[in-house]
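What follows is a single chain, given as structure tokens, in the form predicted alone.
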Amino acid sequence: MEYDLVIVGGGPAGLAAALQARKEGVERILILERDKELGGILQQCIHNGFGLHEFKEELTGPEYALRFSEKVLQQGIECMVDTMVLEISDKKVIRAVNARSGYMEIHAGAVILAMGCRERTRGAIAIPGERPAGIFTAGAAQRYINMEGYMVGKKILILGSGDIGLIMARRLTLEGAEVKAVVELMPFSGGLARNIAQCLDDYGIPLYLSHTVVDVIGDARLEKVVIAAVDEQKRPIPGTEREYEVDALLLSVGLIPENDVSRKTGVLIDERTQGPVVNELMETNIEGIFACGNALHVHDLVDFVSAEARKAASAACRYLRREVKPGAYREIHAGEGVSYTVPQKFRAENLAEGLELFLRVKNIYRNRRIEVRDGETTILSLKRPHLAPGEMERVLVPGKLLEGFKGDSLTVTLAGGEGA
């Protein structure tokens, strides 16, 4: 089996990438999706709020996915659902299996990694206490309620203030459950400000920052959860314990880009993002293998996933057309207040339209400037009235600003203003 482009993952990133590649003339495209239908996590996100940037209107997750999956089918793009990718070689040979065709070897001219992300579990964060039933990741609870028709509990506590947890606080409340509180280890929320307002404030659900779960109590079923305030080193403060009688605990404690297959392939992983290290074309350290969406770094809005996937697909098309220019790599460093940047390196030879940078900050800041520096020289400075870790920032460095680039690296840093 031979294809020009194979896309691993049929979620929003994979679908947008496939459509962009077809738009640019690629004929033989294959999408491999492990679930039974296209759309990825969007299928269980029945709340609205999707598509404001992409379609200029509010859609639910399934509606957003449907707009892309219908176009994919109309374009005659081949899709294999219920198909598990076992490994990808550095020669771009994909080994996969499904119940219809069995074991397959698929040869690709280029590969786009778009596998999405997965949730951190109780085991990953080592919550102390007993091990009763009634502890779910927020995404699993979302699937139970929205797709399987099961309530996960009547009295709920949520650990972590990521967007899925915030949205589930509202969803459970609307289904008649009592959400006692959302508890966040950090001194700030990991979710979007709009979700805090619409999912917690509007329903009177308290958010306790700088708190964590210190004990889980229950035999067969969860009975109680004990929380406590934490100090600056994230250690529980004795005497601040508070006990809640609940029958379900939801965990919304972070997402991890899905890259088990990438690691086996030899793709270099950035330990800060847990996604591949990529260049200005979203290409990994393995030639012809690109990455985008939540498999590359966790996004705050699906609209940005779609936009990034189109960029990766355009780059893959350039690779297939042999239009990528070689050049010396320059590193991009995360400076003061910046957690990471994507991409992590670039070649100026491929930046006619400028260098697009995505980044997240470490804390909440006010009235700061995002500065891009060539050594000690600031080549770009952008004012930001508010910056938060839960909100991804995008910076476009115009190509003309890189023409006189003198150093061997760029640094993206925060300057001035207020905040930690």
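All figures in this text were calculated on a predicted structure; none of them were measured in a lab. Residues carry their position along the shown sequence, with the first being 1.
Below: the form predicted in complex with a small molecule, not depicted.
Only one listed stretch (147 to 155, 237 to 245, 316 to 324, 110 to 118) carries heavy atoms within 4.5 Å of the small molecule in the predicted complex, and that stretch is 110 to 118. In the predicted complex, the small molecule lies within 4.5 Å of some heavy atom of Ala13. Interface residue remark: Arg221 is not counted as part of the site for the small molecule in the predicted complex, having no heavy atom within 4.5 Å. Among residues of the shown chain, Leu207 is not one whose heavy atoms approach the small molecule to within 4.5 Å in the predicted complex. A residue is said to contact a partner when one of its heavy atoms sits within 4.5 Å of a partner heavy atom; Asn294 meets this definition for the small molecule in the predicted complex.
This chain lacks the partner; the member of Ile41, Leu351, Leu30, Val26 within 4.5 angstroms of the small molecule in the predicted complex by a non-hydrogen atom is Ile41.
Between the options Ile167, Ile227, Ile127, Val230, the residue in contact with the small molecule in the predicted complex by a heavy atom within 4.5 angstroms is Ile167. Remark: all three candidate residues (Arg34, Cys45 and Asp303) come within 4.5 Å of the small molecule in the predicted complex, counting heavy atoms only.
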